[in-house]
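Only one chain is included here, represented as structure tokens and corresponding to the form predicted on its own.
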Amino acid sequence: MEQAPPDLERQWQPAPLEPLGHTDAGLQAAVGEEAEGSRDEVPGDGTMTENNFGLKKIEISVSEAEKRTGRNAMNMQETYTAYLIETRSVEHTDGQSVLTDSLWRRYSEFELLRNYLLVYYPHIVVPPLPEKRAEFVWHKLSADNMDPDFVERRRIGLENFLLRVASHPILCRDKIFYLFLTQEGNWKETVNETGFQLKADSRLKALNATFRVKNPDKRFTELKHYSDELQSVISHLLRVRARVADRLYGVYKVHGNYGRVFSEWSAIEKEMGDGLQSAGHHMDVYASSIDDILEDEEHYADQLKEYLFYAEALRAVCRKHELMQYDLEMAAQDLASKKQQCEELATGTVRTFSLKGMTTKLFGQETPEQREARIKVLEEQINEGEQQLKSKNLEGREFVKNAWADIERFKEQKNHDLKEALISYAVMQISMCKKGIQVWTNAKECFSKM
């Protein structure tokens, strides 16, 4: 018997802040004017202004996928899938219709866009991309990333990613995102010119901060635990669903055997032939319906997978806060050390063992002029350190404020989306059971007429 997963709604409770309003992803993505209120909220270097961004509201769709062959960076032939992105303005100032713009993008270009957003908007829970290779699939489904069914689901996932970004009150105003939708040539060069790779924190540095932070923020610690639990619960749910799909497939295909038996039987029994033939037909239709049912289920599974990958986006926000907290603690420690050195020089006493103290004992005391010069240098460094510490404190408080606002927005979105997906999945299961009952009811009528 499967163990029931823990309650998804058992969540951490962050400090109360005004949550941003929930924005549903739809075909119409509000860009520019719709996000007027976010203009002053920690923009990245690519933030657009009213002067260089005239588009007000656009429709975004990833309408087509196409297999292509080309050369990679190593000049080796490769096969990949390109996706057609179509955008169209839905606000017309002169009453004239606006033509649809379209361009092709590879999955790797979507990855480049998301990596850029992660670096320039570290306080935001950046929407995840759909899986690059199929995971948590039932055994009859192909795990090949070039399989047409998988490519189609990934096309839908990439469209959902763009709509998520476009509906975000801050990300939607980014210039690089706008160019991703509208500029096919030289877009990669434009992204690389931002220098975002140099600003990306290394994994080693992030790991070091995780273990060496002395005073971690309890809220972010709880957020990490929540993201781990969210990932664990959804992974468990997806694994159970895959096993159930395998068993369900077997049950439905058994009905196909019934249909074949009834059809062969009808050829032998002349008087009951029509009834057996009809019953066999019902069984065949029922057996063949499982393929469409499980394909529909995969779309619900993809919705759950999105939040499985959102867990990593939450942890990315936590890691950035740990890095900022670590830098703050190191700056405070360095400032305290310089203040102690200055005090020791001023009073002529050494409180702790130091290499400088041993050198002084071995080679004699410094002259008053040398000591005064050192004190002056230390005082300048202390003033600079105090300003730096104050700046880091302000930066940290601003990060926490904006991060919690976006996390509240994410929570509202998550609750709405998962509730809707699970209810729709349950409704589909009920409908499927009703069809099964109807099949056997029809078969029973066929038998009763014999």
Partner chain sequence: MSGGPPKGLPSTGPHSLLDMPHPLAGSSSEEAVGGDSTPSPDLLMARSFGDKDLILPNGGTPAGTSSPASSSSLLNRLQLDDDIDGETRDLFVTVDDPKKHVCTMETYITYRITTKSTRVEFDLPEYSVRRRYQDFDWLRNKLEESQPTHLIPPLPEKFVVKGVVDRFSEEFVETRRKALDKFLKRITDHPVLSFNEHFNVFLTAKDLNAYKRQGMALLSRVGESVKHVTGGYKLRSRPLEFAAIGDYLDTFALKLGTIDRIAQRIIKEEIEYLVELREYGPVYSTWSALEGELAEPLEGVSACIGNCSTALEELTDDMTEDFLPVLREYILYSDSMKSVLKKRDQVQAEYEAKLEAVALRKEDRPKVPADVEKCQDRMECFNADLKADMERWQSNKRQDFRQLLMGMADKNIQYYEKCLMAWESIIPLLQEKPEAKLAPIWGNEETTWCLFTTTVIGGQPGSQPRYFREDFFVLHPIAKHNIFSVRTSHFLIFFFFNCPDAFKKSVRQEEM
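Positions refer to the first chain, counted from 1. Bear in mind the structure is a predicted one, so any value in this text is a computation, not a measurement.
Below, we refer to the form predicted in complex with the partner chain, which is not included among the displayed structures.
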| query | finding |
| --- | --- |
| Candidate stretches 212-220, 170-178, 188-196, 269-277, one within 4.5 Å of the partner chain in the predicted complex by heavy atom | 269-277 |
| Selected contact from Ala311, Ile234, Leu112, Val125, since only one has a non-hydrogen atom within 4.5 angstroms of the partner chain in the predicted complex | Ile234 |
| In the predicted complex, the residue from Phe150, Tyr286, Tyr326, Tyr120 that sits within 4.5 Å of the partner chain by heavy atoms | Tyr286 |
| Contact of Ser202 with the partner chain in the predicted complex (heavy atom, 4.5 Å) | no |
| Any non-hydrogen atom of Leu394 within 4.5 angstroms of the partner chain in the predicted complex | no |
| Contact test in the predicted complex: Tyr425 vs the partner chain, heavy atoms, 4.5 Å | yes |
| Partner proximity in the predicted complex: Val62 to the partner chain, non-hydrogen atom cutoff 4.5 Å | no |
| Residues within 4.5 Å of the partner chain in the predicted complex, restricted to 214-252 and counted by heavy atom | Tyr226, Glu229, Leu230, Val233, Ile234, His236, Leu237, Val240, Arg241, Arg243, Val244, Arg247, Leu248, Gly250, Val251, Tyr252 |
